[in-house]
Each structure stands twice: as structure tokens, then as C-alpha cells.
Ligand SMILES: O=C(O)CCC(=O)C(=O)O
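Take a look at this single chain, the form predicted alone, given in C-alpha cells.
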């Protein structure tokens, strides 16, 4: 089961909530790049440009397109992603949740705000993992993680990326958005990365990214997975992704016709 990760990497993921794996998707960079470019040309219903009109650059994201973009489907079902996900989560199964494309064009100053994914999602459980896989070399605009934040007792306030407004109205139930660069008690993890490297992180790990002040593009594909203990949970408002009409009830395993089980124990 541990063919794609060392015991040290598995332990780091469990301890810190994040780990960087080198070169595990190097044979899939061309396929992922083609899928990202197709997604940029053929926007889905959730596509967003996350900059105000007077801001330089472009910060594009879109998700839940794997069923219509064949390159993404190929990576999900034919690459080692599911095996790596199950190994990192220490789960018998790897069930696919959704894909997410994130593109910061050259000169984009806006950072991705510090956030957890879990408050936006209708999932709860410890066995979760997101892959962040760049198809361009990244250094200045790489992903940043707060080590151990997946163990925090309360969730961080979810905000909208375009204007940093509260995503839900019940802000008092959440921790304020952290500022780890000015808090010496927090350890920030970040890695310079090459195409085909992957950062793996728990849905509850607090993460963000700087803007892209360079002259090069920063394109990345994220793949989100859940494991044995994950169940549907209700949130105080519309989730992101919303998945209208899913008809799941609190405590349900995610429905497999919408969220395919790619690896079973």
C-alpha cells in the first residue's frame, strides 16, 4: 500500500496535515496541462475570475468538471492518484470528491487567503486529502500550509476569495482568519515545486498562497479525495461546491454514483 509514499512521508502527512511528494505525477503533466487549457477555453458553471476590475493579472478557478473534461477523468482513474490518496489517508478506499483548477497568470498580485477547505464542504471526517499539482515550476506563488492546523478544535472562518467577505453569516462559530507570518507560534510549510510534484493536505489544513508577481504562469490541478470515515454533514448555508439535488442526509456516506470509489481495499 505504501509504494508511492515512504513511511516518513505518511507520518509527516498525519502529523503536519501536509506533505510534498516529488515527481509522482511527472508522467501526467502533459495530460493535466491539456485538461487545464481545455477548462480555460470551456468554462464550467462554477468558473470564477477572482480579481476586482482594477487589479492586475488574472486569478481563475473552476471545479467539478471531470465528467466533461476527458483529460481530468483519465488522471483520476488511470494515474496513481487513488492509490496515493488511500495511502496518505490510511484508508481502505479512495472516493473521488472533485477536481479544481487554479490559474494565476503573470503579474497577479492578489494572494489566495488563508483558509481551510472543510468549512466550505458538506463533508466531515479525518480521512481526507487534497492534491495540489502544478504543471509549471513554482517558487514565489507556491502553496503554503500551517503545520498541524488540521488538529485545531474549531474551523477557520470561510471567506469569499474575491472580496474576503464572510461565506456564511454565522461568523461567531469560527476562528478568525489567521496571520501566520506575524504569529511565531505557527509554522508555515511551503515548497518550491516542479511540474508533477504534488502537495498533499488534509481538508482541515489551513493553507493559502501568495500572488504571482513573476513573468511565468502558475497553473495547478487539485484533486480532492475522501476515505472510509467521511460522511455528509449540513453546513449553515450553500456549500462550495454546492451539488444541488444530491438528496443526501446527515451521516450518509457520499453517494457513489456522484462520487466514484476509484480504489477499494
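This structure is a prediction, so every number in the text was calculated from the model and none was measured. Residue numbers count along the first chain shown, from 1.
Not on display, but discussed next: the form predicted together with the ligand.
Handout entry: All of 93, 129 and 263 within 4.5 Å of the ligand in the predicted complex, heavy atom check
Key = Answer is no for this spot.
Exercise for the section: Identify, from the list 32, 230, 209, 198, the residue with a heavy atom within 4.5 Å of the ligand in the predicted complex. Expected result: Partner contact (heavy atom, 4.5 Å) among the options: 209.
Exercise for the section: Please determine, with the chain shown alone, which of 74 to 82, 98 to 106, 149 to 157, 185 to 193 has non-hydrogen atoms within 4.5 Å of the ligand in the predicted complex. Expected result: One stretch meets the cut-off, namely 98 to 106.
Handout entry: 4.5 Å heavy atom contact, residue 50 and the ligand in the predicted complex
Key = Residue 50: no contact with the ligand in the predicted complex.
Exercise for the section: Decide whether residue 28 counts as a contact residue for the ligand in the predicted complex under a heavy atom distance cut-off of 4.5 Å. Expected result: The answer is no: residue 28 has no heavy atom within 4.5 Å of the ligand.
Practice task
Indicate whether residue 123 is a 4.5 Å heavy atom neighbour of the ligand in the predicted complex.
Solution key: Output for residue 123 is no: heavy atoms all beyond 4.5 Å of the ligand.
Problem - Partner proximity in the predicted complex: residue 63 to the ligand, non-hydrogen atom cutoff 4.5 Å - result: No - in the predicted complex, heavy atoms of residue 63 and the ligand never come within 4.5 Å of each other.
Exercise for the section: Within 4.5 Å of the ligand in the predicted complex, which residues of 207 to 237 have a heavy atom? Give them in sequence order, or say none. Expected result: Contacts from 207 to 237: 207, 209, 218, 222, 224.
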